[in-house]
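Given as structure tokens, the chain that follows is alone and in the form predicted alone.
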């Protein structure tokens, strides 16, 4: 990773960051309110009938489909859009506005009690087609710009882009189908939680996206450039992702997906050796993913976020496998430890990756105070939830009686959440300044 000034971002990079950070701030504010309500339940009466259950979907879904997703939308725009087109900013704005409008309308419905009751899939009734529609708008724009650039692409690049666009075209229909109240994934019969195959498949999907990020962002491999000429001009991006060009990494990914296809993907117990071993194969990506990323020329401002993402990735994979083991999974599955692990993934890993992505897209560093406040707040929050979850296994009654030790851990959780909220507000404010 180079230490010189960041590259200039694409013409729509700032708009992507504003939409992304806007939803992060909104979701964090709701999260702080939820943490306050858990610490002092009487506060919920102030906003009745907007109870905890009505606010929770906003926090969960705005984080997942807003903050965690919009930077990826920006990556796709960067990969497909023709920057020489005079209305490229307008087209990016259409895609981003459609996505944000779906999230805003969804929030109104969830506050009104219109939800499916499925975590992270709360879209129900008239809101169910909103996000898939926004995804179709995005796809249409990506496909249009790809067609405009078609003659400048090699045959291999055309094939690769056609495959990716084909997968993206199927995504809205899959999401719409999964929102159905009658559709549920396979369940671990001995813990009631996810199976090893489900955890492996979902994580491998994230690994695949992460491996493609450097090329989709137009980051050259180290040693392939000697100058800092603008890297994001149309036609100057790598013809094929480094993942495809590096045979070893490609075969490792193919082997990982082969393991997923080989093990039982139905209602499988975490006592089955194949489920334990299969999930454990993710350990190879603790090493390979950082190696692949470090072979690309990231802007200097992305360095802290990348280092943080490597640390969170290591902790996430190791702890995810440990808490899946027999005896541990049964004890921790439906405690606050699950909340801590979810924040480890989204507030820790994904936020750090998105931080690096936004540096590339905007050409601007995030404030140092925002970075450290976020990382410290996330660490405090995750630690508090893991400790609380561990004590729940033997002192669950104390949680419902709001004993002093549970209240203290809830207060620590609130402090961590407030630090992250403050960091996101400061981050957004820095972007609004010229």
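Residue numbers count along the first chain shown, from 1. Predicted model, so just to flag it, every value in this text is computed and none were measured.
Form predicted together with a small molecule: not shown, discussed below.
Contact annotation for residue 57: none of its heavy atoms lies within 4.5 Å of the small molecule in the predicted complex. In the predicted complex, the small molecule stays beyond 4.5 Å of every heavy atom belonging to residue 129. Contact check for residue 341: a non-hydrogen atom falls within 4.5 Å of the small molecule in the predicted complex. Using a 4.5 angstroms limit between non-hydrogen atoms, residue 387 is distant from the small molecule in the predicted complex. Interface residue among 96, 80, 316, 289 relative to the small molecule in the predicted complex, by the heavy atom within 4.5 Å criterion: 316. Of the listed positions (349, 121, 306, 138), a single one reaches within 4.5 angstroms of the small molecule by any non-hydrogen atom in the predicted complex, namely 349. Within 4.5 Å of the small molecule in the predicted complex, a heavy atom is found for not a single one of 75, 110 and 425. Per the 4.5 Å heavy atom criterion, the small molecule in the predicted complex is contacted by stretch 22-30, the sole one of 365-373, 401-409, 22-30, 42-50.
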